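Only one chain is shown below, in structure tokens, and it's the form predicted on its own.
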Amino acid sequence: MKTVSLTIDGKEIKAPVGEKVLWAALDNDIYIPHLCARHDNSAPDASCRLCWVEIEGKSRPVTACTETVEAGMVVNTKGQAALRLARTAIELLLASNEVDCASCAKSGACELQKIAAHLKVKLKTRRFKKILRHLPVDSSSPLFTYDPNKCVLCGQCIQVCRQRLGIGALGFAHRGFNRRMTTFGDQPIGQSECQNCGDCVAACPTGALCFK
């Protein structure tokens, strides 16, 4: 396998040709916040807007999940411009998320907690007005529950269900603030084509999908 050499945060590393900066960093123990990207997805949509980095020679920050490594590339994950964008993104997510760590089954294993700590942002930030959706929890599946109020719309559950398993029971509906993950025809998950494999729960980075 051909590789290229690049530098991330002062650390010289090697990465496969065609690899994305995000995975090159993570594979070398350099953490970059992210929610929507999956290593097995060759065309990430960069929807979470958290993996901002600065690359020498570029006039503005770029998303690490979409930027391909190049020989001699110099990447800075701690630049002030990149951090400002990432902090704004996480604060906007938290402003519409039902943060309830004390009673959440994913507490301690939640990416929102990890990202907030990494970016030095309070989970109950007051920078933006809190606007919650107050949507009903779907507990129709015998295996897990889905709480849309804790969903960050990363699409990881949809990617796993559709791309890896070929089921396609889950998808997005609506736009803007009303956007949410749902099933075909907006049926309860327990009445959909879901086969209760549990892979969507394992893929969920927050407490939106939890085993019963």
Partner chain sequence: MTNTKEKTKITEQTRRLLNRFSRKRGNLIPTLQKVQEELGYLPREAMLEVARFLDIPEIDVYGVVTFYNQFRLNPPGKHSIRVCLGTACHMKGGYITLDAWKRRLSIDRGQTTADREFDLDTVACVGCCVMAPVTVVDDKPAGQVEPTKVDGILLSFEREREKRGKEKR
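Residue numbers count along the first chain shown, from 1. Predicted, not measured: the structure shown is a model, and the values here were computed from it.
There is another form of the same protein, the form predicted in complex with the partner chain; it is not shown, and what comes next is about it.
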- Query: Since the chain is shown here on its own, which stretch among 51 to 59, 141 to 149, 174 to 182, 23 to 31 would lie within 4.5 Å of the partner chain in the model of the complex, judged by heavy atoms?
  - Reply: 174 to 182
- Taking 162, 168 and 187 as the candidate spot, are all three within 4.5 angstroms of the partner chain in the model of the complex by heavy atoms? yes
- Task: Using a 4.5 Å heavy atom cut-off, state whether residue 199 contacts the partner chain in the model of the complex.
- Result: no
- Message: I'd like to know if residue 193 sits close to the partner chain in the model of the complex, meaning any non-hydrogen atom pair within 4.5 angstroms.
- Response: yes
- Output the sequence-ordered list of residues from 66 to 86 with at least one heavy atom within 4.5 Å of the partner chain in the model of the complex. none
